[in-house]
Every structure is written in structure tokens, then in C-alpha cells.
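One chain is shown next in C-alpha cells, namely the form predicted on its own.
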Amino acid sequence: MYNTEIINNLKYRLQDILTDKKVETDVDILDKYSCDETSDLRFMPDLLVRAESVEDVRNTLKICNELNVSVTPRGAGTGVTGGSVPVSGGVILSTEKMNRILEIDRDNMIAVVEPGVITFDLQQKALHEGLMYPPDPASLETCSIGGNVAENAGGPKAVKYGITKDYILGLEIVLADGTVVNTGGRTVKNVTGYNLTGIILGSEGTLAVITKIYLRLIPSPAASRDILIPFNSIERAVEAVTSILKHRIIPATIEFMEKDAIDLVSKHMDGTIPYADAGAHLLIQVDGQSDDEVYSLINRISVAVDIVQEKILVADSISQSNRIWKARRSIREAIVKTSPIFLAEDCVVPRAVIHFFLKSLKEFFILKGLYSVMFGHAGDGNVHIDVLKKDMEYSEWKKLLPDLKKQIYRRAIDLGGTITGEHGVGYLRKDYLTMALSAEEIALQQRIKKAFDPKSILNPGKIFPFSSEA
């Protein structure tokens, strides 16, 4: 990585300009920043900087750029593709302390926040003002807005409300050399020059460090209900999704779980999951401007999926909604408890072919003697595929992974999809980028990277293979 002389020089310069408390070298603390929530991935940084302002970020980047030391930006560390893991050592630049909600502008329905703000906290603050910030990743209670922007995060509400990119009006960013740039701002429309905001969205910390975010808010719905519908098979559940949308019903969420996911979570929850014997679940949230409107939509859904009303579990209280959602939000916890090492993929395919995708993968996994669980966002075709190592020998597991990933990605691409819908390329998928993008597309993205970060100090080893980085 880096020799002791370079790191000591860097440490003294950073401590001089940032103060000691913002620069950390304790090995035990650094170890906590050597990983995110990616399974089986850890690299130690040489230094940690906990920035508290845009000036801290600017000064850190300026010094690191001068010394050619890599910088890995980090939000809350909830990523699952190694995006905030310092695979090249160097500096972890954490924005966790930049966590202020600077403004909720009710008149213009805009929020201005620092990158370390937790997504759930912003949602609650907006709701208190009668407004809504819809993007809701599964980790919303722990993930940060800056990380959401860097990954262009999605979530269950994407089917009706869209994803992070649909709510970002502008950014304050710091380039690799310490230059502070503002993109966009408070206006909904802006076609003055290139859409630099859009380029930063989903760039995974490889182009710039985000220090301020301007977010679009919308009026919060007056009423909502969560409903759970059991089906005999995943094919039937996917058919129901298509039917719902064809009936011009756009629920806020349409989540699915296939049988193996239901079985795993049911065991984890000691059998308290509703309809534990079903072949598939659809978890649907419906919202509107009144209870009458919501219940009318629920009735229309029951007609669209051709199922009697009694078989739809409708939550009529917060506790019942929490019960319905607990199974869906407990999947990752159940997986980790069963097998701490696992492969987590989030391919996206056209929603009408979800069941073909899952059937093809299940047959392949069974043939290989592998245990898998699948769930995700039926409304937008984003499928989470988790393959558990369980008792397999570690060396055998590692040897299996490259072909396993290729098989999953190839099936998604052949059905008109791609290799990731919301978790990003990060470190885990960089070697498979050529399966999804042409050489011309990759070359263009590398030129963009070079323009933003000429020395390639920002999050090296991510998105592009090491051998082909700009």
C-alpha cells in the first residue's frame, strides 16, 4: 500500500490543519472502518478522517491529491458491494459527522441536508411538515443520504415514486484536488449546461465527495394501508403484479418473497410470519388522499388479482403494518444468522419475466446443490438473489463464486436486464462490468473519471477493473 514515511507525513499535515480529534490512527478504530455490510470483505485503511465541514473535506482531498494517497469516501457504511471499503488502503474520509438537516423549505418543498443525515431521520422531519421524501432503502434507519446519492439508491416505493435520482435538485461536491463545485440548486428545472448532478448520482464516490444535498419533497399522502397477499407460486404472484398495473393501479410498493425466502424468515421469526405455508407473498402498500380512496384501491386490487377479499391481509393499525413488514425487513438478518458468508446480488429484469429469471436460477442452484433465497421489488423488476455458503468449505466456495456470478448476470442480461439495480458495481462486480457495458461505454465513463479525478485517488479499485482504470 503506502510506506510509513508517506503516511506519517500525511498524518502530520492532516492533524495540523484539521486538529487531532478529526484524524484517527488507532488500529482498533481503523478496523471498524475496514468493512461495510458486504459479506466476507475487509481491507485496512491507513488513516481515518471524520470530516465535520466542507472545509475539512476540501483540505483532506487537497493534501491527499498532492501526496497521491487514495481516499475512500464513506457515509454510514451500509453498502453491500464494498463501495466504502478501502481496498487500496490510504484514507477513509467519513462524512458521518456532517449530519445536519440544514433546512426544510415548506413553501418550495425542498430539503437541504448534509451527507451524513440518516434517511429515516429526514423522512420523519419532512413528515412533521406534511411532506414526504419517498426513497426508502431497506437500511433506511441506518443509511445516509450521501450514501444514497452515491449509490442512486432505490427501495420498495420506487414503483410509484421513483428512486433517489428523482429527488435530487442539486449538490455541493468537492473534487479530488479540493475544488468545491455546486451543481444544480433549489429549482426544479435547470438545463444550464451539462447535468453534472446526474453524473455524480450513482458514481459511488469515484468522482467527487458530496458535502451538501438539495432534495425535492412532495406532499405526504393522507392515508395508506399495507396488505399481504399469499399465492401458490411465484409465477402466480408475478402475473398478479402485471394484472394490477394493467388495471391502472399504481401501489406505493409491490414487494415479493418466494417460498425459500418465506421459509427462512418463518424459521427466523419462530413461525410468526403470516401465511407461512404460501408459495409466494406480495406485500403491497396503497396510499391516497383518504381512507375511502385507499380502500377503493384495495378492492380494485382484489379484483385485478382475482382473489377473494378474505384472503388479503389488510393492516388496520401500525402494529399490524409492522407485523406485515417485519418478515420482509428481516430477510437479511435471517440470512446472516443462517450463513454469515453469502453471495448477494440485485439484478434487474423486465418485471414480466421475473418468474422466468427466478425459475432459471433456482434450477441452476439446485443442480449445483446450493441453497438460495430470492425477494425484491416486483413492481420494477429488481430481484435480490442471495446464495448461502452454509457448510461448504471456504476454498470451494471462493472457487465457485466467479462462475456463479457469471451465470446469474448472463441470465439477467439475456432477459433484457442488467447486473445491478440499486446496490451498485462497487468492488464485487467490477470484473463483470464488460458483461453489461460495451467497450465504448466503459471507455467513455473512464474519460469522465479522468476529467473529475486526474490522479485517480478517489475510491480506486471500484467500478472499473484495476487493469483498466483511467
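Don't overthink the numbering: it's just position in the shown sequence, from 1. Just so it is clear, the model here is predicted, and its values are computed rather than measured.
Heads up, the form predicted in complex with a further copy of the same chain isn't pictured, but that's what we're talking about next.
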| query | finding |
| --- | --- |
| Stretch from 224 to 232, 111 to 119, 396 to 404, 202 to 210 whose residues place a heavy atom within 4.5 Å of a further copy of the same chain in the predicted complex | 202 to 210 |
| Contact flag, P45 vs a further copy of the same chain in the predicted complex, heavy atom cut 4.5 Å | no |
| Partner proximity in the predicted complex: R447 to a further copy of the same chain, non-hydrogen atom cutoff 4.5 Å | yes |
| Non-hydrogen atom contact T418 with a further copy of the same chain in the predicted complex at 4.5 angstroms | yes |
| Heavy atom of I318 within 4.5 Å of a further copy of the same chain in the predicted complex | no |
| Residue (of T187, S360, T338, T142) lying close to a further copy of the same chain in the predicted complex, criterion heavy atoms within 4.5 Å | T187 |
| Single option in G146, G79, G154, P73 placed near a further copy of the same chain in the predicted complex, where near means a heavy atom within 4.5 Å | G154 |
| Within 4.5 Å of a further copy of the same chain in the predicted complex: residues from 223 to 259 (heavy atom criterion) | T242, L245, K246, R248, I250 |
